[in-house]
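Have a look below at one chain only, the form predicted alone, in structure tokens format.
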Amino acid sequence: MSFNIIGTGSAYPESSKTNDELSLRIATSDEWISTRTGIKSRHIITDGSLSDLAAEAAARALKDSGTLAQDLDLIICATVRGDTLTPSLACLVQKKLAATCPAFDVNAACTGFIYALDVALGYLARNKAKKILVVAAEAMSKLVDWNDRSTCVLFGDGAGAVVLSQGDGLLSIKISASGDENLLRIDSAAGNCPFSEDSPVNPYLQMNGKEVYKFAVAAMCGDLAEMIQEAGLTQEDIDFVLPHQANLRIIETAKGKLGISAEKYRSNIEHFGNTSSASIPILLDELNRAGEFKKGQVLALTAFGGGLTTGACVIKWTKETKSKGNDKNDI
């Protein structure tokens, strides 16, 4: 027994900032950003909270699945940092939905959604849960240094969610970690303990872009090939590839190293930027609501992120095809 995805949802701030708007505040340009990343704009939280976005995405996923919040057995949230260190983001979502089930967070940076799917699999396979809500939500605009043009232009805010039920839709899944704090990190606040001799820290994202690029391409190609084989399929059997939306160049490079047709890759990075763990479920919901998926088709998901972490899975789509033009803002 594995799981089926029975509902999807997403939410993101109304405020969207273009490259040109960023160039008014940062020494950059639309040409500099778009040619290096494929990003044209990104959504930024200017008011409201991350937990509001997470709950909104969750409510849409619940409606899409025909599930009541009171019928959930577990809520798992993937996030680098929620509104508060405690309560967890998952507990805040539980409150906003008026659910009553256990709730907790996982942090695997940009790979968090796939990590959360793997955790959910354990509960469903052991018959400890029948309906699980997985939400990935990130406010990366609060974690980047807006004086560093090499990183702040890459990221956006948003949330994506899925409802899982027991089933046989998951064909294979892999998560991995290779601890390394040098390539990508965000330091915690040092606190104000009067006895501490710690030096002040940089509380913003720090990244070695070139090394992360090489790691990402290798991870995408290796993990996808391995999980497709483990699922008993060939690369030609894959109908859609939904990669983590970190950088269009990474995706394009990976395309050339795999035997999956280029037209099967999907991307929305142009208007969202890198929303960390939320990028894959936001893209998944966008495609679901556009009626792109047909029952029985095979999806390959792959992600990489700080940790360093990686993850990939192959999923058979078990939902009936949605009518195109479905209003994604309908809750």
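This one's a predicted model, so the numbers in the text were calculated from it and none came from an experiment. Numbers follow the displayed sequence, beginning with 1.
Another form exists, predicted together with acetyl coenzyme *A (ACO); not displayed. Remarks below refer to it.
- Here is the short version: of C110, L133, L117, A90, the single residue with a heavy atom within 4.5 Å of acetyl coenzyme *A (ACO) in the model of the complex is C110.
- T28 is the sole member of T67, T28, Q297, S49 with a non-hydrogen atom lying within 4.5 angstroms of acetyl coenzyme *A (ACO) in the model of the complex.
- From the list 258-266, 59-67, 287-295, 302-310, the contact stretch for acetyl coenzyme *A (ACO) in the model of the complex under a 4.5 Å heavy atom rule is 302-310.
- Site residues I75, F104 and L170 are none of them in contact with acetyl coenzyme *A (ACO) in the model of the complex, judged by any heavy atom within 4.5 Å.
- The shortest heavy atom separation between V241 and acetyl coenzyme *A (ACO) in the model of the complex exceeds 4.5 Å.
- In the model of the complex, acetyl coenzyme *A (ACO) stays beyond 4.5 Å of every heavy atom belonging to H271.
- Put simply, L154 is close to acetyl coenzyme *A (ACO) in the model of the complex: some heavy atom of it is within 4.5 Å.
- Taking the partner from the other structure, acetyl coenzyme *A (ACO) in the model of the complex has a heavy atom within 4.5 Å of a heavy atom of S150.
- With contact defined as any non-hydrogen atom lying within 4.5 angstroms of acetyl coenzyme *A (ACO) in the model of the complex, the contacting residues in 239-254 are H244, A246, N247, R249, I250, given in sequence order.
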